[in-house]
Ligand code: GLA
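Presented below, as structure tokens, is a lone chain in the form predicted alone.
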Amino acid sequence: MCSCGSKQADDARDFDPPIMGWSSWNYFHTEISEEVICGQADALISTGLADAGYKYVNIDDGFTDGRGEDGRIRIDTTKFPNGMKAVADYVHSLGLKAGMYSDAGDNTCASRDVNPYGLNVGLYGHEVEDCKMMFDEWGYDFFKVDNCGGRHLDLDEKTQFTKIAEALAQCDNKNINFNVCRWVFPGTWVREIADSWRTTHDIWVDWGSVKTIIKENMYLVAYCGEGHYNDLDMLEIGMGFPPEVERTHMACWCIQSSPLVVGCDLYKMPDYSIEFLKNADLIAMDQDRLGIAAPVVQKEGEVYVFAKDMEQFYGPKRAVVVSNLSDEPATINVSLAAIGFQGTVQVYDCFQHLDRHDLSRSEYFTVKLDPHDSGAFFVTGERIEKSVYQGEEAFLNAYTEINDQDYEVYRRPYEIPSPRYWESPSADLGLYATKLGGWEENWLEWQHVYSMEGGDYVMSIRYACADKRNMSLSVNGKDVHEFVGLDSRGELDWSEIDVKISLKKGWNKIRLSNPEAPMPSIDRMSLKKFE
């Protein structure tokens, strides 16, 4: 079973941070060997990356040679003459951790290559024995499980990946970090079984790939937390990107608390790439004890501002990343209110490693960026209570990105689609939640609504629907209001409706639902103290 939440990583946290390390696939693919893996482990030490926190050395496909008559996986002894345990032992001797790979189905993803590896070596039908071999016998610490073979067999992902998690729980090794690699957000069920999960298709050395992954993860922040992380895929830093793209790549992965797994040949990195990877401020942003992802709080064109708490919830310090995803230079005035502050703030630049006194303002600070570039900051000052919660920040209980035609979530009626986050220029910050309601499990919830003092509020809900719809409002598990016959002039013609609610001091949960029929699309909700 996944390790996060089951042990304390240090005195300051109750769960492990996202992993940091290196993986073989992006550069070496199946052309790996004992020499390659051990050599890259050595490079983690010699480059200083291990001292910066990069501890995992992960083997990713290309080490097998089928199964024997006894059902055990055979190792490619030409590549690994001393076997897989010897590799893990060497990695451990350096003070590092070793990662292993398999597939949920019968074949691994390398089976699709022209000269295929990975035939008949997937976990399906061998879950317990393979896990015990890899983690008890060989001694590995991390497990990435792909789904090429699972898709080939048309397996139910929730059922099969849960079975794999249960097999891991039977191992004597109880500190296995489990990564589900389904190439899209699998579904909310994955938080119950895995430490991290891939949210997109594979990254490659192309700006469009990086940009797509950043935009995809703008609406997945609700699923990150308490030791469970959205995995934005391996870092392509050191693979040929210019510095401005690598700044954005690193900053956006860190503000979202993604695993930081380097995918290049560590011996061929330019100096600026090593500098980005070892940036202690960005690593602190990624490894922060709160373990949360950052929503978009401000947007102008294709310039996005992300912000999240650091070190303590509603404390004086926040991490802020400003990213220019456009192909033109851009300037943005970052609103202090949008990032959660009032009055004069102190701004620390995570790339220049210094306090930016020129940015200390009382209403905004100005950031100028080249195309594809980002700034990263720690901002400290007097906090204000958050008043706007976007639909794309909300937890959609039945959310999955697995195609509705080949996967049924919660055994819902087949004709009802799963909920979605969709883009629209008419929506506040460009995104909204839709396809909600219609069955019991398909509700929307803002799970971390904070009130500094508690009390009565006016809650405004911005919604849209093309016909009359109903929905229920509950606060902290108690039914508060029934909205009946809500109507607007069209699916993207937004209306607002107000309702009085009471919040307790501290954290609150606000849920919108309709188990009987579709409910309106939700753009945002805002809160104002009742007077």
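Predicted model, so just to flag it, every value in this text is computed and none were measured. Heads up: residue numbers just count along the shown sequence, starting at 1.
Beyond what is shown, the protein has a form predicted in complex with the named molecule; the following relates to that form.
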Want to guess which of 428 to 436, 143 to 151, 298 to 306, 383 to 391 is within 4.5 Å of the named molecule in the model of the complex, heavy atoms only?
143 to 151
Answer key, the named molecule contact in the model of the complex at 4.5 Å (heavy atoms) among Cys181, Leu266, Met310, Ala167: the residue is Cys181
Note which of Ala194, Met234, Ala294, Val334 lies within 4.5 Å of the named molecule in the model of the complex, where distance is taken over heavy atoms; exactly one does.
Met234
Triplet Trp25, Arg198 and Asp202 all within 4.5 Å of the named molecule in the model of the complex via a heavy atom:
yes
Can you check whether Tyr399 is within 4.5 Å of the named molecule in the model of the complex, heavy atom basis?
no
Does the named molecule get within 4.5 angstroms of any non-hydrogen atom of Ile255 in the model of the complex?
no
Touches the named molecule in the model of the complex: Tyr101 (any heavy atom, 4.5 Å)
yes
Look up in the model of the complex whether Val322 has a non-hydrogen atom within 4.5 angstroms of the named molecule, and give yes or no.
no
Checked 86 to 111 against the named molecule in the model of the complex; residues with a heavy atom within 4.5 Å, sequence order, are Tyr101, Cys109, Ala110
